[in-house]
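As a starting point, one isolated chain is supplied in structure tokens, in the form predicted on its own.
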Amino acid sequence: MTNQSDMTNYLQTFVEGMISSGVEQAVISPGSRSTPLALLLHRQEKIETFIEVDERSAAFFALGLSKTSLKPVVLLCTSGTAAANYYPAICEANASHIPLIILTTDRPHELRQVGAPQAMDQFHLFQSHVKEFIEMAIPEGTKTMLDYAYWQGMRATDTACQIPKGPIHLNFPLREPLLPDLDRTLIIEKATEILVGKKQLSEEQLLECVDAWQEKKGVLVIGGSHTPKEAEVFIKLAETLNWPIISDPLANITSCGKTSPLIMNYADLFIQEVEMSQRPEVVVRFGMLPISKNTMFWLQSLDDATTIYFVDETGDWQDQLKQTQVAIQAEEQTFARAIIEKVKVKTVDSWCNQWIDWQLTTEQQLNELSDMNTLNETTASILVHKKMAENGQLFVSNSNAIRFLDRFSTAEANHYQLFGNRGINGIDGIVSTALGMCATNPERQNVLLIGDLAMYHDMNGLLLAKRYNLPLTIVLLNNNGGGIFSFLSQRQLEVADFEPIFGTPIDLDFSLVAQLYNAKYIKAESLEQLALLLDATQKQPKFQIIEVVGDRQENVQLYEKVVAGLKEKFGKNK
């Protein structure tokens, strides 16, 4: 046996271990030290591979693949700063519980800390942002080491997929020569079955929750990312208890295709403006807090008369308000379904009716505003939501875009899935993550709703759309800068301070960006035109940029009109 054949058998066996635990896709950023793993992954018929030369874009693309497929995805790069460019996406994957398998290749130990080129310290490179770090052994061809390689591939992938899910980092020291023996077949072929159970409460614990909840005045608060199917279970739980339900946009409560008067889609607008004659006796939270700050302020205002339950399937205690009185560490869907089966008595209608009245009053206020009938960033965002096709996929950027959907989206009958990167809430990598979403189901309608700064931040990712013919429709909300800051306290600054530091105009012609990456470009001039363009994406998906030119102050003024009208209608400050 030669070093080349030993390395080939070792790495092939490792790849087989990953496959046994569910790996089907890999994103490769080319380089020299990663040559053997890159070639073996690329030639593996059971793994679909994508090539992206920009490591930051590659990592977010892998994030989008995993986020959409709900399966582990492999990331591979060479040694040196290549791996450092993975960092932002790995931070997001860790915070949002996405199972990425990061394979970095490295100089062997004898070339470390001796001045060899491209030999930066990769040991624990990602620190606490990965579930586990594994320094792989130098490849050997013995049966013991082949068993070790298979075991690490299988175990690392399975660990990434265990709740709480998250990224795993494996570092491979490899000696030259780096070309594997591509004619060699595996010496050891294995297949391992992994049976996984669910974390759930006992019958006694379930009945304790039911007794504490049924007939009580309660509110469901749903945070985090959920599939439309999971969202339907939460809505059924709300209807079973007869409680209002407040949710994050990524929970897909307003996009799962099920409508219900108990869905408080306008909660962010009205919850701070109403006088509650009846206060909740129980609040049950699932997952992280929703994006709405007004909902957070309302929760903070609750006193000890309200019992706060926190259902945390990750066990990570992600309760930033630290109000939890009863922590439930169980798999969310299993727990919710069990409660639905056991609740026998609903809460009286008078409790939820006041919430429904607030909803209807808010809807009336929005209908009275002429601004809601003209093209602006808010109405464009609402229209994107309404025009999503059955089983379509919408990725929404951070900052203003997701807040427009949170404040103004209605629960529609169209069934689609909404995605976003809300673990760390950054604007980097949004385009690449959305393209990963698109690559998972390219035959569906795929739309990205994004602002101009986030678009600029990840323009390199557009190369993936060009290279792999990914039919992503990008609805670009262009207010020439950081529109979110116009809603924040920084807007009190003088223009000379605000514009360069927070307004940050970039003055880009995005028609030229579209031309560079072979995307179709259209500038929407009216709501009617935008509606037609979005209708067309349902029938014939294509790679295109639809630009909606907005105005930062217009966004703020519209929001302030809505809030002022609600103050008057609810009479809180009279």
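All figures in this text were calculated on a predicted structure; none of them were measured in a lab. Heads up: residue numbers just count along the shown sequence, starting at 1.
The form predicted in complex with another copy of the chain exists for this protein as well; it is not shown, and the discussion that follows is about that form.
Within 4.5 Å of another copy of the chain in the model of the complex: all of Ser32, Met120 and Leu516, by heavy atom? Answer is yes for this spot.
Out of Asp158, Glu332, Glu377, Asp428, which one falls within 4.5 Å of another copy of the chain in the model of the complex, going by heavy atoms? By the 4.5 Å heavy-atom cutoff, the listed residue in contact is Asp428.
Quick one: of Ala327, Ala137, Leu179, Val196, which gets a non-hydrogen atom within 4.5 angstroms of another copy of the chain in the model of the complex? The residue from Ala327, Ala137, Leu179, Val196 that makes the contact is Leu179.
Using a 4.5 Å heavy atom cut-off, state whether Ile545 contacts another copy of the chain in the model of the complex. So Ile545 does not count as contacting another copy of the chain.
Interface membership of Arg467, another copy of the chain in the model of the complex, 4.5 Å heavy atom rule: Close contact exists here: in the model of the complex, Arg467 approaches another copy of the chain to within 4.5 Å, heavy atoms only.
Contact flag, Leu207 vs another copy of the chain in the model of the complex, heavy atom cut 4.5 Å: Looking in the model of the complex, residue contacts with another copy of the chain do not include Leu207, since no heavy atom lies within 4.5 Å.
Residue-level question: is Asn367 within 4.5 Å of another copy of the chain in the model of the complex, judged on heavy atoms? Contact with another copy of the chain, no.
Just one of 166 to 174, 419 to 427, 231 to 239, 442 to 450 has heavy atoms within 4.5 Å of another copy of the chain in the model of the complex; which? Careful reading of the contacts points to 419 to 427.
Judged by heavy atom distances of 4.5 Å or less, which residues of 115 to 129 approach another copy of the chain in the model of the complex? Gly115, Ala116, Pro117, Gln118, Ala119, Met120, Asp121, Phe123, His124, Leu125, Gln127, Ser128, His129 sit within 4.5 Å of the partner.
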